[in-house]
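Here's a solo chain for you in structure tokens, the form predicted alone.
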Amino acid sequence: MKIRKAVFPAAGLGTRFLPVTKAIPKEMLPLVDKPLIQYCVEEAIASGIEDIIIITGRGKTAIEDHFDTSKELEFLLEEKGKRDLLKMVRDISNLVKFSYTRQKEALGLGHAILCAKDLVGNEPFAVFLGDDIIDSEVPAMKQMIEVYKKYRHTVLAVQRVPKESISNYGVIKGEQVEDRIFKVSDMVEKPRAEDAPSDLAVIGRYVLTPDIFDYLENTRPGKLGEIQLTDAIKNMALRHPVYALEFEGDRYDAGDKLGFLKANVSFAMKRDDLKEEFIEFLKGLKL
């Protein structure tokens, strides 16, 4: 079955970016001149996704507003003859079909995905974490969907990370079955470097089969009262194959201040309208 739908959990509080995220959703922080979440939506569309399901929470209405029509703004731009900006604004609201549902309590990533059960239905679907930005020639999700088409089971995106950073991630244990593709036998959440089963860390892209909802419903909350997606996938891997793809592309953790700054510099350097002056600015810095 074709992967038509994508779930975007976006109900988190964004504590790593306080104080700005006290009033602004983390997903709406600007990467050059577009919000983080729009890059992921564009990746989804380029990967063949037709329906976007965004899991929101209190104070996240800016996300809905961004992807909605804005008649007042369109009228103003049309009156002033700013056709390029008018097209840009209209294109945002016409990107794809959007649906929204609320996660009323912050009960973990697994619970957020479970909130999308009725909207997803009984079909495989993609999951995007909106602060993981991947710059790649072939969209990362499209790479993953190709793996799903071949194996017809859950696919995780993984990336090799240095030992000093491994404790920040969920890490897979697996057997390589093809170039860059692994069959997952276990996952360890935030292990110490000496305990990590590999250097392959799970990052914010998933292709999940609909039976994940059964596993999520039967996953006990952890110490913080949260239902973790990692726990549900571990249980799934005991009965069904789970695969991991070491995707090709550059990934930025834009939910982290340093990663966010790196992403802005990298993406600005790709812009013809910014690159030359930006390079001159960087050269002039007393580093």
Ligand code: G1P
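When you see a residue number, it is the position in the sequence shown, counting from 1. Everything quoted here is computed from the prediction, not taken from an experiment. Take the two forms, find the largest set of C-alpha atoms that superpose within 1.5 Å, and that set is the rigid core.
Heads up, the form predicted together with 1-O-phosphono-alpha-D-glucopyranose isn't pictured, but that's what we're talking about next.
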>> Taking 1-O-phosphono-alpha-D-glucopyranose as it sits in the model of the complex, is E189 in contact with it (heavy atom to heavy atom, 4.5 Å or less)?
In response: yes
>> Can you work out whether T230 and 1-O-phosphono-alpha-D-glucopyranose are in contact in the model of the complex, taking contact to mean some heavy atom pair no more than 4.5 Å apart?
In response: yes
> Would K60 show up as a contact with 1-O-phosphono-alpha-D-glucopyranose in the model of the complex if we use heavy atoms at 4.5 Å?
Replying inline: no
> Can you check whether R251 is within 4.5 Å of 1-O-phosphono-alpha-D-glucopyranose in the model of the complex, heavy atom basis?
Replying inline: yes
> Looking at I145, L77, I203, V120, which has any heavy atom no more than 4.5 Å from 1-O-phosphono-alpha-D-glucopyranose in the model of the complex?
Replying inline: I203
> So which of G174, P124, G170, P139 reaches within 4.5 angstroms of 1-O-phosphono-alpha-D-glucopyranose in the model of the complex, heavy atom to heavy atom?
Replying inline: G170
> Can you pick the stretch from 93-101, 211-219, 129-137, 145-153 whose heavy atoms fall within 4.5 Å of 1-O-phosphono-alpha-D-glucopyranose in the model of the complex?
Replying inline: 129-137
> Honestly, after the rigid core fit, is L224 moving at least 2 Å at Cα between this form and the one not shown?
Replying inline: yes
